[in-house]
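Given next, in structure tokens, is a single chain: the form predicted alone.
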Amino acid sequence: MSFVAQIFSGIAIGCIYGLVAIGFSMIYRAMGLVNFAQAEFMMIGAFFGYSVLTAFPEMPFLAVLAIACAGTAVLGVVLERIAFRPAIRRGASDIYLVLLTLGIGMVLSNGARLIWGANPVVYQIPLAHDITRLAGYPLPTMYFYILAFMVLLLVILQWFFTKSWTGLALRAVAEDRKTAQLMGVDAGFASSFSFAIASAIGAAAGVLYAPIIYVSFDMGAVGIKAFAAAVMGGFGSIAGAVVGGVGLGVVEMVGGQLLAPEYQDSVAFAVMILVLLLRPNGLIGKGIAK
């Protein structure tokens, strides 16, 4: 594989990490919560998409993407209302909250296994087999869709957080929750809205990734790399999540090519450690506040 094709593959895979990492950062900024169940929203979204495609095989892929995102967003809001918000209101410690997110992640994973089974499933769509040549080397066309989606999402998020009243309210809550509440911002709504967006973005990552890989209940394992990407980029920063995700994906792909595929994870995490030694707060952003 040419160097250009390697870099492009790394960017595409890194965008998947970045999408999940954006969810980590959004929920942390809105609620001060490190949600280790975030990657399970990606898995649930991928299974939602699979169910839609199974029921309506002719449905356009973009419609499948939208339905999966909407369904996962609803699930995220429900979990925020019945689990996370009550725990925070009762003054749960950070350790308790981390354990809570891990427990919910396990419940989601095993719930998916119960509903969709233990065997991996595939998206039976032509797009899953489409190939586009870059510098003479074949690459899944899905990589180009992933990259285009990431660019579109960043444009939408930039507009949302700088131009819309809801986006400005979310930023106000992220900066100073108590002051925002005194100014009339509904912090509870901000938390629910952040969960909805984060869950939907996670689902989008799952649906976009699904045509390339098998969909399974343990798909959320990618959350470890997404969390690493969020930390490397600067935890709590959306731009940092994208930079960290893309950087991790490129390093992983190039490292695996230079050494061997079985070492690509070690190379990626070694680079993450090096980055954090040199820049403890990550490449972008102010880092973890507490």
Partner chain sequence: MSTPTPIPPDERPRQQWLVAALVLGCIWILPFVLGGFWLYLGAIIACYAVASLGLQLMVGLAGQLSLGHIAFVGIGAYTGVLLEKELGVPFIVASIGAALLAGFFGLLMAQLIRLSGVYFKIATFGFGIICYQLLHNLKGLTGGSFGISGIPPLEILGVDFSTPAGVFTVSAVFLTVTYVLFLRMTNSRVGRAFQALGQNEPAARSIGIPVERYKMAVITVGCIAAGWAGALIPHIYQYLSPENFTWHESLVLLIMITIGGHGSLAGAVIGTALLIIIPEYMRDLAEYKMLVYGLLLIVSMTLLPKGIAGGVDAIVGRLRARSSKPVQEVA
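Nothing here was measured: the structure is a model prediction, and the numbers come from that model. Positions refer to the first chain, counted from 1.
What comes next is about the form predicted together with its partner chain, which is not displayed.
Can you pick out, from A187, V107, I212, L154, the residue that has a heavy atom within 4.5 Å of its partner chain in the predicted bound form?
Of A187, V107, I212, L154, the residue with a heavy atom within 4.5 Å of its partner chain in the predicted bound form is V107.
I95, A135, L127, M183 - the one with a heavy atom within 4.5 Å of its partner chain in the predicted bound form:
If I apply the 4.5 Å criterion carefully, the residue I get is I95.
With the partner absent here, would S51, S192 and V222 each sit within 4.5 Å of its partner chain in the predicted bound form, counting heavy atoms only?
Looking in the predicted bound form, the three residues S51, S192 and V222 all stay beyond 4.5 Å of its partner chain (heavy atoms).
Please determine whether R113 contacts its partner chain in the predicted bound form, using a 4.5 Å cut-off between heavy atoms.
R113: yes, in contact with its partner chain in the predicted bound form.
Residue-level question: is R90 within 4.5 Å of its partner chain in the predicted bound form, judged on heavy atoms?
Close contact exists here: in the predicted bound form, R90 approaches its partner chain to within 4.5 Å, heavy atoms only.
Touches its partner chain in the predicted bound form: A174 (any heavy atom, 4.5 Å):
Result no; A174 lies far from its partner chain in the predicted bound form.
Does its partner chain come within 4.5 Å of any heavy atom of F36 in the predicted bound form?
Contact with its partner chain, yes.
Candidate stretches 230 to 238, 250 to 258, 66 to 74, 51 to 59, one within 4.5 Å of its partner chain in the predicted bound form by heavy atom:
After filtering at 4.5 Å, what remains is 230 to 238.
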